[in-house]
Structures are given as structure tokens and as C-alpha cells.
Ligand code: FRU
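Read the single chain below, which is given as C-alpha cells and is the form predicted on its own.
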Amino acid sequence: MKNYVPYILMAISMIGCAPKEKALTIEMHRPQFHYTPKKNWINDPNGLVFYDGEYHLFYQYNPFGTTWGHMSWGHAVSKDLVSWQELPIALEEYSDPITGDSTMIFSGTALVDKNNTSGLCAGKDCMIAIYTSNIHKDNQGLKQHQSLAYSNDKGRSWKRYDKNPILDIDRKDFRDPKVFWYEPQQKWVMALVVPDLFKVQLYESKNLLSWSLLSEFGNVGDTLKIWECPDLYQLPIEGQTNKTKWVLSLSGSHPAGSDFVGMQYFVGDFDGTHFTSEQTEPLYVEHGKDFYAGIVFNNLPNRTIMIGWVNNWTYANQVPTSTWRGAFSIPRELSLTETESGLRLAQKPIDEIRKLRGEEIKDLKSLTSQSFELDIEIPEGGSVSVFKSENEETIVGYQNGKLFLDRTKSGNVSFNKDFASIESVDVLPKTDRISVRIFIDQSIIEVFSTDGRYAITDQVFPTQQKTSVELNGNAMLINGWLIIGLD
């Protein structure tokens, strides 16, 4: 089939990494600067942590196929957040030789136990992974509890704690622990969900091994879908020196309704025991269909950086890629910004992404690459068409005060009846024109506007190898660069 024909581009030297060499044959739709594994399925990012000069990206991984199953933790590392090296599997699914039950390694956290509070470090510190053990038999989930593993060699090998589980409330669904150090009270805090009850539970520990319930937060915001992958972090308020607020983000419903999944967040305060939200109405991290399970890095001073899964459970197992399925977003630096409606999340691509810029784009008509970055000014009624061919295009535009992305004619949309869609968000306050920063990468589009207040991330699967970019309705190119990776 035409969709799976390999083709040659200026590409990455290692699939999933920025290049050290050039001119590699890659698969159609394979992103060049968004992380993908060499092969097989990925979903939620897990255990984002910075340790001893390396950024670690762990993630849900199926070692045996390109659809969900056999969940284990894949692993990649980076020195700069843009060039990634894929490493061997960190934590593998395993079976109980007596009961025959299997345990998948579901989502969780990696952290640095700086003062050896756990007593498991061979030296002054080590890496700890806290994750959900999903016990199942014959593909039927039986129980979920929280377990621990530790590494004394910078995450290259792991040993499961011999007294697991470290937290068990005897429920079938109880998962996705995010653990962080709370400096004011010199303790560890864990946020995790009881998904079907729309609850985030907060626990505390001094040693990472024994945990006590602090409080619960829930049954507010969007409850159309189960809650997953919580994260609790403190963000600076732009333009207000030394002013911060806490944000609780989690995955579940999408602003377009219950047919899709997305992420929401709450802004408020955390006193070491309770998280208190300033709002009850849902606020959404993204308005695209393909950003889910985003969490932030642990042990990263002075910055809060999130990575999300670029896919949607509605069609995740069906997207028309061949040897792999799933990718991760550009890392985004988070902050809060004051608006007429209150504090809102702002997310901006990390500055390090500029390292990947190649030749400057001065004439869109001569653009032949399918991996590039554009800064576009779009007036009311204007748009930019990308991946444009005779019968296909993906449109990013601004109409009736809404930023939108239209992928209804983007290429292969037939693999799932719900894939073809138009995503949009009201831009407030309304203005005559907006500036957008767009990242295009083979099959991924990430759009940022209004200083990061609005983001739309979508997958598209054009069927043509030669496509063009076209400005419509007085839209204007401000800047643009090919993205070909590092030399």
C-alpha cells in the first residue's frame, strides 16, 4: 500500500533520536524530531527525571507488537531533551510461577532519592521507580497496587523491591503514582487516582517504602471519562516575581466530548496535605486530539517541562504506521499567565528545540521537506495549508475568533470513523489577527498560539510524498526553518 512505502529524507541517524549522521532511509510518517521507538507500541510517558546530566524518558512499551499489550517500561536518555538514545527495556512484565498471574508494569514515576531516604542506594543517592503493578490473568485485570524498583547504575539496570507492594488498597483500579519531594516538610508526596471514582488521592512518606493517606480531591471539573495520570507541581506566574501557584493536571476527558480523551488541569494551592482548587469548571491542557498522559520531569531545578503521548485511545491501535505506533510530543516548558478569566496554563516548546533548525525557509513554494517549523501571522479568516497535494491538505487557521486545525482531508482518514475532525478553541480576548508557531513532523502537527495559552496537537497521515505549503487569506510567513536535526 502507498502509505507504507519507505522514502529518503534528510533524517535521523537513529530512529527516535536526532541525527549524528544524515541521509537515512526512514519509514513514511516516521517523525524526525519527535521521539518514537525503533519498533513496537508506546503510550504514556513514565518516570521523567533529570539525573547526573541526563534526562530520562521511561514509557509504556509493548516489546512484542504494535498494539497495546504486555506493558513494560521502555527507556531513552538525552543530554539536551532533543536528541534521544533508546536503551534496553527498564522494567519488564513478569509472571508468578505459582499462580500463573502476570504483572504488567503500568504508569508511574522515576525520582532521585538524593539522601538515600529509602536505604536502597549503594551510595549517597540512586534512582527509584514507583509504578502500578497491574495483575492480570487471561487478559483480565485482577488488581492494581503500587510497587517500587531501584537502580544504582543511572537507570541501566533495575531491581524490584523484595517487599512489594508498597501501597495497596485492594482495588481493581488504583493507579498512576506521581511522586515528588515536598521540601517545606521534608517528605515525599504521591498523587495517584481511583479512576472510576474520579478521585486523586495524596499520600506522604519519609522513606518511599511506607505511605499514609493525606487527603482526596475529586468529583469536580470534567468527569465524563475516568481520571488517569495525575501530576501535582508548582508553577511561576509570568510577570509576577516570586509568585507561584500549584497545578494539578490529569488525563481523562477531551473538551470536544466523551468520544475522545484529553487532559484537564486545576489551579490552586497545596499546603503539604490538601490540594485546593480555585475553580470547579474544567480547564484543558490541549484542544488537539493527540496529547494525553502528559507529566513533568522530576529533579529539574528552575524549570517545569512536560512531555505527552501523541495519540488518542479512540484510534490509537489503528493509526496507519507500520513497524511502530505512538510518539511523544516536543517537550514543553510550563508557566501560568494572568488572564481576564483568571490564571491559565501557558506551554511553550523548549528553547533547546532551536538546535534542530537547519536552513531558513524564505520561500514556501520551494519547500519540499515534511519536517519544519513555521511562525505565521494569521488574520481573521486566514489560514495556512500544509501537506497540500491535489486532493489533500491540513489547514491551520483563524476564523470567527477561533484557532482551528482541520484534518478532514489530511490524507488517510479511513482507518477509524472518528479520526477526520476539526479541532478549535476560542482565542480570548478576540483580536483581528493571531500569531501561531507550528511544528510539522511527517505525521505530527503541534500548534502554539497567544504566548502558549492555546495548543493543538494532531496526527495526520498524508498519502503523498511530495506536498506543499500554501498561505491563504493574507496569512504571512514571519519565520521558518527546516528541521533536519543535529550535525
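All values derive from a computational prediction rather than experimental measurement. From 1 onward, residues are counted along the sequence shown.
Another form, the form predicted together with beta-D-fructofuranose (FRU), is not on view; read the next lines as being about it.
Would you kindly say which of Cys229, Leu405, Ile128, Val310 lies with a heavy atom within 4.5 Å of beta-D-fructofuranose (FRU) in the predicted bound form? Only one option qualifies, and that one is Cys229.
Position in contact with beta-D-fructofuranose (FRU) when the complex is considered in the predicted bound form, options Gln459, Gln442, Ser424, Gln60, heavy atoms within 4.5 Å: Exactly one residue meets the criterion: Gln60.
Full three-residue contact with beta-D-fructofuranose (FRU) in the predicted bound form, heavy atom 4.5 Å, for Asp44, Met71 and Arg175: Yes: Asp44, Met71 and Arg175 each sit within 4.5 Å of beta-D-fructofuranose (FRU) in the predicted bound form.
Is there a non-hydrogen atom of Phe106 within 4.5 angstroms of a non-hydrogen atom of beta-D-fructofuranose (FRU) in the predicted bound form? Yes, Phe106 lies within 4.5 Å of beta-D-fructofuranose (FRU) in the predicted bound form.
Even though the partner isn't displayed, in the predicted bound form is Phe291 close enough to beta-D-fructofuranose (FRU), meaning a heavy atom within 4.5 Å? No, Phe291 sits far enough from beta-D-fructofuranose (FRU) in the predicted bound form that none of its heavy atoms falls within 4.5 Å.
Which of these stretches, 60-68, 447-455, 433-441, 28-36, has heavy atoms within 4.5 Å of beta-D-fructofuranose (FRU) in the predicted bound form? This holds for exactly one stretch, 60-68.
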